[in-house]
Ligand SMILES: Cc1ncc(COP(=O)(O)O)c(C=O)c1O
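Take a look at this single chain in structure tokens; it is the form predicted alone.
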Amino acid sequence: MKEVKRNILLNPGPGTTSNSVKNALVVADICPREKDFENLMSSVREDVVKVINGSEDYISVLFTASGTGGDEAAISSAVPLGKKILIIENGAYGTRMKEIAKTYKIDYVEYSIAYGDYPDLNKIETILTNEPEISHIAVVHHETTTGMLNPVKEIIQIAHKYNVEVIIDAMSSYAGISIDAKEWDIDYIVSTSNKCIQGMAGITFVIFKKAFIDKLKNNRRSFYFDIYSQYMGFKNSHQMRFTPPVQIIYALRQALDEFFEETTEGREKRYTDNWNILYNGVQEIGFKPYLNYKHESKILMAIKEPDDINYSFENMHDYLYQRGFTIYPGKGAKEATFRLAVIGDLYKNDMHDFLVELKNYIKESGITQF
């Protein structure tokens, strides 16, 4: 295989991938309607459920799309006509789910707080008490706007008291943080192939309770992102209704194999170890974290930008990028931030190497005020 330069991506996905995942893209051409590819698709559909300890009570559907497509499929397919959805918005990706509901003209109630503020569970319960037409809640598990881990498990418990189902955006927590579908009694959970599962961008999937499939039949709002029709296509032919990204499926198969070899506990520990090195290291340099420590996901951190005339995010980005490290700008928090994530095939030495270059940049730029 051709030697590929390894870049250290500290952005919140797509992440750095292993050589074996990259190599999995190079396969013999195959028609996706062949039995061999159908078997591959079936194994991927089954195994994305296993990642979150989904029992035989859960099923998955795959779509060719970014993760936003999965959110769109879940919201447009799950909420019955005439019902409302409560959207918890404390980051840009909660805002995006609100935009999806608005686009489909789905009535929604918004619980909006400042990006980076922690949801008030009592407030959520009060909303459900006062809004009996709410049938679903949409919430982001790991809000990469700030690195906040929202209290999804507790939100599910409250929702189920009112016979309300919960749609979880787990784009950047699935396969990176331990999630137990059965224990948490998850209704719908959405993720993507290009973040903590460490595959390539191009596939999104919705995992949900098998018992829901019949009631999804009459909720159709979208032609392409219709969960019921997509599920029936898989059930009847083991195929997507429309052309799948064949090579991306092979890469996802390899990424799943590597996840199960590493184990949930192993991956979570590796990410946490990486995060701790960065979290402590940036503070030693002088930077200040944006979030309260107890709300940190330990997958991504938002860092306050220095208040120094010599500081420029663009200059810092370019300096680090030239040395093989990619960092990410902030997005709508109450204070100016930039973000560092540990999603992907990254290890402790990568974190240490990055901190050396970051420290060099700060020194060379003459930045002293943080």
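One-based numbering along the sequence shown. As the structure is a prediction and not an experimental result, all values here were calculated from the model.
A second form of this protein, the form predicted together with this ligand, is not displayed here; the remarks below concern that form.
Within 4.5 Å, heavy atoms only, which of Pro306, Gly67, Gly344, Gly54 is in contact with this ligand in the predicted bound form?
Only one option qualifies, and that one is Gly67.
Please identify the residue among Ile189, Val140, Ile75, Leu252 with any heavy atom within 4.5 Å of this ligand in the predicted bound form.
Here the answer is residue option Val140.
Can you tell me which of 181-189, 80-88, 279-287, 67-75 lies within 4.5 Å of this ligand in the predicted bound form, counting heavy atoms only?
Among the candidates, contact is made by 67-75.
Could you tell me if Ser172 has a non-hydrogen atom within 4.5 Å of this ligand in the predicted bound form?
Yes - in the predicted bound form, heavy atoms of Ser172 and this ligand come within 4.5 Å of each other.
Find out whether any non-hydrogen atom of Thr144 is located within 4.5 angstroms of this ligand in the predicted bound form, and reply yes or no.
It does: once this ligand is placed as it appears in the predicted bound form, Thr144 has a heavy atom within 4.5 Å of it.
Residue-level question: is Lys98 within 4.5 Å of this ligand in the predicted bound form, judged on heavy atoms?
Lys98: no contact with this ligand in the predicted bound form.
Can Tyr115 be called a contact residue for this ligand in the predicted bound form at 4.5 Å between heavy atoms?
Flag for Tyr115 set to no.
What residues of 77-94, in sequence order, lie within 4.5 Å of this ligand in the predicted bound form by heavy atom?
The one in contact is Tyr93.
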